[in-house]
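As structure tokens, one chain now follows by itself in the form predicted on its own.
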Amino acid sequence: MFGYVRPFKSELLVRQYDQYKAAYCQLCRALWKHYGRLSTFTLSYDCTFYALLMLSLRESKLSLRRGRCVMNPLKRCDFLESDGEAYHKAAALSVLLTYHKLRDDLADDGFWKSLGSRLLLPLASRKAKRAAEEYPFLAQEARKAMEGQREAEAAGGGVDACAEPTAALLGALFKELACRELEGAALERFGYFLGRWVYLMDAADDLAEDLKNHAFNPFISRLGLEGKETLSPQERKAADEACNQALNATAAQMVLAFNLLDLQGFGPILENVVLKGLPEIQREILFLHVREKRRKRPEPQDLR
């Protein structure tokens, strides 16, 4: 996952946002507890969504506790604790995905650009090994997806082929959360199209940078942009609109599957993410180019 699966804050009730933030902080705490302080840097909106989805499908006893921030002990924050494994499992997924991302960066980037990944990989490898021992299914699916991703991109695959591994990964992970057979089918389809949307969103987000760096991006061949390093305003607008159409088609299927789910507890928050948060991210990236501007002037993005 890539940090795109987050709520649209202004459309959440204050109570709902406080719950989301407390769950986000609890996941950070779970990362520190199970995998060490450095693992808290892998905290993401995406794995928070995974934890909330799990909590909304399985009965858990929740309790709100006030405590010190893991990253900043001078700051106090709320933690939404659970008696189940949701946060631990989401933390394991976060560590595993980060490990594979570091491996990909090491393979794709030059020596100096990948130096940070090279230094972090031994530590991430140890944490991923522990996560794999605790949750072998997560490790197996993550490894299979990343291997499939590398193969598809190395072969210069099209948009569908390259999006398939991420789509299949989330489909499998979400299906595994089901408590009933019919629920599993809806969860798998929802996860599949969410994973496809995430991959396409990331590819669209990176399009201008990949053109500049002569890096692989499935939208380059899809849109006939081979050989270009920069796009004129007209070309950029046409590319954004084409990416938007592909994302909208995927999002339509995702929403249909999401509407079949019977979610308890955090259902309204998850609905906000799917129906409002994702479209807003899509609008910000494709038409406001917010993330592109942030790359030039980085700003803190997390909730801690």
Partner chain sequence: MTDPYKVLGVSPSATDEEVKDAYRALAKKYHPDQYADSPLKDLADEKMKEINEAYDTITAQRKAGGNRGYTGAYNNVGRSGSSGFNDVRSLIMSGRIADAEQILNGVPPERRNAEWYFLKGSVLYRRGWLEEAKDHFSRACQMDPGNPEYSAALNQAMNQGSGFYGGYRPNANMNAGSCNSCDVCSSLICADCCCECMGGDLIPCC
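Fair warning: this is a prediction, and the values are worked out from it, not measured in the lab. Numbering follows the first chain given and starts at 1.
Omitted here: the form predicted in complex with its partner chain. The next part is about that form.
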Q) Looking in the model of the complex, is its partner chain within 4.5 Å of a heavy atom from each of Val159, Arg222 and Val255? A) yes
Determine whether any heavy atom of Phe2 comes within 4.5 Å of a heavy atom of its partner chain in the model of the complex, and answer yes or no.
no
Whether Asn244 contacts its partner chain in the model of the complex should be assessed with a 4.5 Å heavy atom distance threshold; does it? yes
### Query
Is the gap between Lys75 and its partner chain in the model of the complex 4.5 Å or less for some heavy atom pair?
no
Could you confirm whether Leu182 comes within 4.5 Å of its partner chain in the model of the complex, counting heavy atoms only?
yes
TL;DR on 260-268, 24-32, 64-72, 48-56: the one with heavy atoms within 4.5 Å of its partner chain in the model of the complex is 260-268
Only hit among Val198, Ala186, Ala208, Ala132 for heavy atom within 4.5 Å of its partner chain in the model of the complex is Ala186
Taking its partner chain in the model of the complex and a 4.5 Å non-hydrogen atom cutoff, the residues of 191-210 making contact are Tyr192, Phe193, Arg196
